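Next up: just one chain, as structure tokens, the form predicted alone.
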Amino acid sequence: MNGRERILALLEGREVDRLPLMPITMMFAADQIGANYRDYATDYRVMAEGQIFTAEKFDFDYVNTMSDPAREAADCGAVIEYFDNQPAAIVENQARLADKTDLASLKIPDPLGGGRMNNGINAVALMVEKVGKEKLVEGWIEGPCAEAADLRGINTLMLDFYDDPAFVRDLFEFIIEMELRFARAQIDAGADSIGLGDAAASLVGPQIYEEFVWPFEKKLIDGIHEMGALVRLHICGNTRPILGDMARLKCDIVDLDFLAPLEEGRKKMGPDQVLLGNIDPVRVMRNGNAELVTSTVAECHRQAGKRYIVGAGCEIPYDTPEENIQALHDYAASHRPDLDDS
């Protein structure tokens, strides 16, 4: 059973030979091939090389195109700062929608128009060509709250929820249409799954999440499902107050960061939701040792039960010891979802 088959079988409720392994690697993958991060994020050939090399070296079951939150915003004309040794950043004091009246004239960029979204689509296509039969290929988009923060500025957006809720809804509608076009292009390029990153959603309270964010996440997720792709939801941070609402989104995979216990996630999301995580990427993966990684993932597996995929709560840091990644792999390779050793 290869990686792609393994993930799809677990999601479909069929028997698998071992636990799937799907950690997020970005800077770690770039470092594995000696690439600077600016090139990894902006040149699809470098990204594909780093992802494939890392996935094959540690026997991951998938590759993905996550790199930074600035792809879509860059194509919308946002000012972006790029770095050699860290992900690109939005220049918030020059936010694209600092003047919210600019939304009325903002055009949805063509994802195939040669910009950064196009680069992500090319990465999907190259990964499909190289390893698509053996490993699941996952594209990536920003969620409504995260992308709104990228375009408007995160602090300004938080005030907008109170000061101008109608504008927030209009902005979210724009974003959903843009992200569905981007997702469609990645699916057409061969992506099996679309990762949906909505980190800013963990910063709003449950009332704002339910009223503003959830309906648009749901529209986006349903749209991707209608296109025939899987959806992996990734919201960094403490999502404990919104776990029940996240369950109602009906994603194929839900990542839980280390601040959201898997036991609590399982209780609030029910027995059928596939959960991924929630190992602390820094305290355990980067700063711990192989023994700590093994005991931590075993406890995560126990809490999550059989509908579980091995991975950290968020990105594996670039300077994580390789023996810790190997320990993550070794646990996945030697355990089945039903908790029995194989």
Partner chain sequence: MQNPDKFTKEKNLTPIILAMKDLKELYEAVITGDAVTARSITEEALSGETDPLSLVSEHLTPAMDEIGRRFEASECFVPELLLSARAMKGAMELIQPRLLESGVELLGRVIVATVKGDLHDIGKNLVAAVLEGGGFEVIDMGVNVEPEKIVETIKEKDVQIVVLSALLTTTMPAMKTSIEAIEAAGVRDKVTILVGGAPVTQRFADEIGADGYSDSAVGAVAVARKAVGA
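Positions refer to the first chain, counted from 1. Owing to the predicted nature of the structure, the values given are computational and were not obtained by experimental measurement.
Same protein, other form: the form predicted in complex with its partner chain, not shown, and the subject of what follows.
Quiz item: Residues in which of 122-130, 170-178, 265-273, 87-95 have heavy atoms within 4.5 Å of its partner chain in the model of the complex?
Solution: Going by heavy atoms within 4.5 Å, the stretch is 87-95.
Quiz item: Each of G13, K57 and A247 near its partner chain in the model of the complex, meaning some heavy atom within 4.5 Å?
Solution: No, none of the three is in contact.
Quiz item: Quick one: of A78, I187, L103, M158, which gets a non-hydrogen atom within 4.5 angstroms of its partner chain in the model of the complex?
Solution: None of the others qualify; the residue that does is M158.
Quiz item: Which residue among A229, I221, V204, I108 has a heavy atom within 4.5 angstroms of its partner chain in the model of the complex?
Solution: For this set of options, the contacting one is V204.
Quiz item: S295 near its partner chain in the model of the complex, any heavy atom under 4.5 Å?
Solution: S295: no contact with its partner chain in the model of the complex.
Self-check item: Heavy atom of L243 within 4.5 Å of its partner chain in the model of the complex
Solution: Answer no; every heavy atom of L243 is more than 4.5 Å from its partner chain in the model of the complex.
Quiz item: Hey, in the model of the complex, does D163 get a heavy atom within 4.5 angstroms of its partner chain?
Solution: Yes, D163 sits close enough to its partner chain in the model of the complex that at least one of its heavy atoms falls within 4.5 Å.
Quiz item: Is R38 close to its partner chain in the model of the complex, meaning a heavy atom pair under 4.5 Å apart or at it?
Solution: Heavy-atom contact with its partner chain at 4.5 Å: absent for R38.
Quiz item: Can you tell me which residues in 45-71 come within 4.5 angstroms of its partner chain in the model of the complex, by heavy atoms?
Solution: Residues within 4.5 Å: none in this stretch.
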